[in-house]
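Take a look at this single chain in structure tokens; it is the form predicted on its own.
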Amino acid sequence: MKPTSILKYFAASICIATTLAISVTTNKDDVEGFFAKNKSKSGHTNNWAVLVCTSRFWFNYRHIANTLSMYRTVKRLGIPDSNIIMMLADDVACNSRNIFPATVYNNRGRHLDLYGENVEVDYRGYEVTVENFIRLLTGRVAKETPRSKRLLTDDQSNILIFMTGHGGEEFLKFQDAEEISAHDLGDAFQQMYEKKRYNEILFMIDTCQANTMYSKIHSPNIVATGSSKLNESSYSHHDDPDIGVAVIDRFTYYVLEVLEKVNMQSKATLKDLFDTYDYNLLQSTPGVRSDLFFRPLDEVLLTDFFGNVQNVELTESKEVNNSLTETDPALIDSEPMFIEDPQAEIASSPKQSASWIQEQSHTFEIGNPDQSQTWRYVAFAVLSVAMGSALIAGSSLV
């Protein structure tokens, strides 16, 4: 064999073996890094909104409008009804004093009907209670409770909680019948944290002395904002002479003024929103509490809470339990269930669905340490044989 042929054979063997070794050493971190460009810095994979109007009766029209305005905004920014829980007395649209039946407006010109044709109220009328609200947050609902009345969040959920109504120092009234205290709210958030029911929470409240309602929160990763400080009232923005009552509150009005300029691709942050707070416009002193929040507010996108995300999550591979089908023949012929919208289905969580599909569709999974290690041994063995053969052939010529 000619020396040039030996060199060509040797070089080709090294290239093949090296390529094989590199291809099988790709690990999960590399794949996750590929998707990281599209993943929110907050680390959340789903968004939820809990919108609560604690008032009833015609003269509280503006509180209904506050809640429906926020409902319209989060839907516009991508949060589906399946991920929105709305608690509303719902006694305004069809009130006998409403000269515009089946409508609710938040402006004097009545340019936009907030009630519209596609509004889903999950808790209405006398269902809007302190007990139901706390059970909703903590997940301690009756087993017969339908999905539409459950907050099906996990440790990768960002939650917007918006409340509006009449309040005072460290309390918020529910339909003039009962109150929720700042201690109750802080305890509910602590239970949510212990049960891993959220990644981050934005708590926003529009009521008199609103800032006192987040004074007893001690759970991490919660940012809170309110419309007025201790001993201050929160005021309505304007009324409609034809309707005869105020149609929206000042704090909600100016928050919506910012949010109306936001789309799903917006880079506006919470700091941008909070910087717009102006006592001269609100006629009260809004507050922000961020000492429990881990991220700088100028890095927190408004869409992290008011919008929706669709991220890909890579889960650890798991071996299919063959013994289960062996002991239960009924499972052998069962067909897999494919879920079109993981966030809208309670039969299987998003993490479980992704993991199950990944297990069924891969026989060799990139990043599997056992498989990758085996193929590394094969690659290096091929490389060693190639080098040894080349050296033997070269020595025979000598």
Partner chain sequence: MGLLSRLSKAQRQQIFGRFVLSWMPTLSYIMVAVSFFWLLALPHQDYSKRTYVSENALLPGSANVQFNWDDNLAAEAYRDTVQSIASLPSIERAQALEKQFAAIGLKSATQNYTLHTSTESLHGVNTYAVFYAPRSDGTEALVLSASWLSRDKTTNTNAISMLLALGKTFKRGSHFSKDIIFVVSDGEAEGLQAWLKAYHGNEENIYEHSEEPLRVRSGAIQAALNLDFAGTGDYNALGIFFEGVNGQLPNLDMINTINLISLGIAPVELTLHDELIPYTDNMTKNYLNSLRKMLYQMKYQAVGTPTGNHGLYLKYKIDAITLYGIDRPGWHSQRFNLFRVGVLLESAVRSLNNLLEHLHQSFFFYLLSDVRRYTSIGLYMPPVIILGVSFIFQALSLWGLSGDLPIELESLAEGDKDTPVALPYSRRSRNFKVASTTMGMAIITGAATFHLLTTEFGLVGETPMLKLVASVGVCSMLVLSAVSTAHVRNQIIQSVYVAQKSLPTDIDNKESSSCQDSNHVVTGQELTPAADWIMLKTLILALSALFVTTLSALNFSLAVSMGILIVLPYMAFRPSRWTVVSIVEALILLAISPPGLMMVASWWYAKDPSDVLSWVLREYEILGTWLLPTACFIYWPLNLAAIIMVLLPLS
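Small disclaimer: the values here were computed from a predicted structure and weren't measured. Numbering follows the first chain given and starts at 1.
Quick note: we don't show the form predicted in complex with its partner chain, though the next part is all about it.
*Asks:* Among the candidate residues Pro80, Gly125, Pro220, Pro101, which is the single one with a non-hydrogen atom no more than 4.5 Å from its partner chain in the model of the complex?
*Replies:* Contact check passes for Pro101.
*Asks:* Find the only residue in Arg140, His238, Arg97, His111 having a heavy atom within 4.5 Å of its partner chain in the model of the complex.
*Replies:* Looking at the other structure, the residue within range turns out to be Arg97.
*Asks:* Is there a non-hydrogen atom of Val245 within 4.5 angstroms of a non-hydrogen atom of its partner chain in the model of the complex?
*Replies:* Yes.
*Asks:* Pick the stretch from 296-304, 87-95, 229-237, 155-163 whose residues have a heavy atom within 4.5 Å of its partner chain in the model of the complex.
*Replies:* Of the options given, it is 87-95.
*Asks:* For 48-68: residues with a non-hydrogen atom within 4.5 angstroms of its partner chain in the model of the complex?
*Replies:* If the 4.5 Å heavy-atom criterion is applied to its partner chain in the model of the complex, 48-68 yields Phe57, Trp58, Phe59.
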